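Heads up, the chain below is alone and in the form predicted alone; it's given as structure tokens.
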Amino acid sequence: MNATKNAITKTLDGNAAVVEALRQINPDVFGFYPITPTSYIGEGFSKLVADGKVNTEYVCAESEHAACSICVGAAAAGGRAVTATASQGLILMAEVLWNASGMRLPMVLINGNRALSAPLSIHCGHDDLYAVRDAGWGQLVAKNAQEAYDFTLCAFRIAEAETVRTPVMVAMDCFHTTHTTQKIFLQPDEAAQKFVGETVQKNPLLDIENPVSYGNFDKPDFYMEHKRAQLEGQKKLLEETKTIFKSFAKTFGRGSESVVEKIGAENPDLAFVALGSVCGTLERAVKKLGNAAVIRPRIFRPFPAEELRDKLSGVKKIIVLDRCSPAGADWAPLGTEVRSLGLEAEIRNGIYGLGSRETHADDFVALANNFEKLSTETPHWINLRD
């Protein structure tokens, strides 16, 4: 039976979809400091707390750094913890992100991908997502509000898996997803809660009969071994994500089973590779182009290199699109990752949509039609005024 047919249909934006998922999960602690575009996640969830619909300990902190620190303490104590932020807020959290991953704490963070200052922009960019890509967190990147809901349910199971014990971030594009409404499917509470499962505790600080400590000073004797063990958890995170995506699709009858989604021609001559909400626009572009496809990583960290190689096998021309400035590098982050795969293809990098600059399907069609004119050394900036 297709479980989506039994789901509850609502019209929600990405923020509201995440609030619904968190209501069903009913985490132990929510540490929060408001920032555009994810303020409503905190506001919406605080109303659930006030109305008695969840029994979460909701803490409105004095900063994003403090909000994340609250979650670190809660997770170390054995609780299920979550926070939400964006842009400068995520950067202010950065110090704590490394603490959470280094201590293998299975907390979850919802990020609204937003450009970083200066100049100030409250609109979309992947600057914040890329800036903390090496913080040791899993990074799931949602295409739309439906995936924001789905990925939030998945994130807790991934983070808490016995072989993983690593924090996970669910990222969705500022305004394009956080504030754009669509018809989405919500699973009944019991079904969602059964899928996520109960909180999995491991060596909690509050177990006074079995005392443990977290984040101690490491001398040269052990630091490398601890970092190597952390890396193993990240590798397992990718494998666990594959397993849980398959489980989600089988249980609820929707969503891709793969960590890398392919839409369009089966054996395309040209493929676009991109993250997030722009992939909906790219799907319209490849229909106009004909023998083309969109290859979309649904996870950015750990990077799904093997799956991308498989999906891009045989493709002659690849355009990798980044919503971020290269910041001194030859290519932007996603472009650099794809170029490092050693593919037998011509690869180009495109920069699009910084600060939510409008980009349409026809812009990507024109980019593909002018592929041979694009530089192999530097990215092409799409819709940049002279």
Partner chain sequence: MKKQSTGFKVVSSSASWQELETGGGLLKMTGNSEAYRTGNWVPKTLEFVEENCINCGLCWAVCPDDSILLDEKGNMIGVDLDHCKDCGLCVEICPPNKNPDPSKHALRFREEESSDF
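Note that the structure is a prediction, hence the values are computed from the model and not measured. Positions refer to the first chain, counted from 1.
FYI, the form predicted in complex with the partner chain isn't displayed, but the following is about it.
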| item | value |
| --- | --- |
| Stretch in contact, per heavy atom within 4.5 angstroms of the partner chain in the predicted complex, of 141-149, 216-224, 280-288, 80-88 | 216-224 |
| Heavy atom of each of K242, P304 and R309 within 4.5 Å of the partner chain in the predicted complex | no |
| Exercise: G197 in contact with the partner chain in the predicted complex, heavy atom 4.5 Å | no |
| Contact test in the predicted complex: M103 vs the partner chain, heavy atoms, 4.5 Å | yes |
| 4.5 angstroms heavy atom contact with the partner chain in the predicted complex for V212 | yes |
| Distance check, S313 to the partner chain in the predicted complex, heavy atom within 4.5 Å | no |
| Single option in E95, D134, E232, E257 placed near the partner chain in the predicted complex, where near means a heavy atom within 4.5 Å | E232 |
| Selected contact from R165, H179, H123, R157, since only one has a non-hydrogen atom within 4.5 angstroms of the partner chain in the predicted complex | R165 |
| Members of 175-209 lying within 4.5 angstroms of the partner chain, judged by heavy atom, in the predicted complex | K202, N203 |
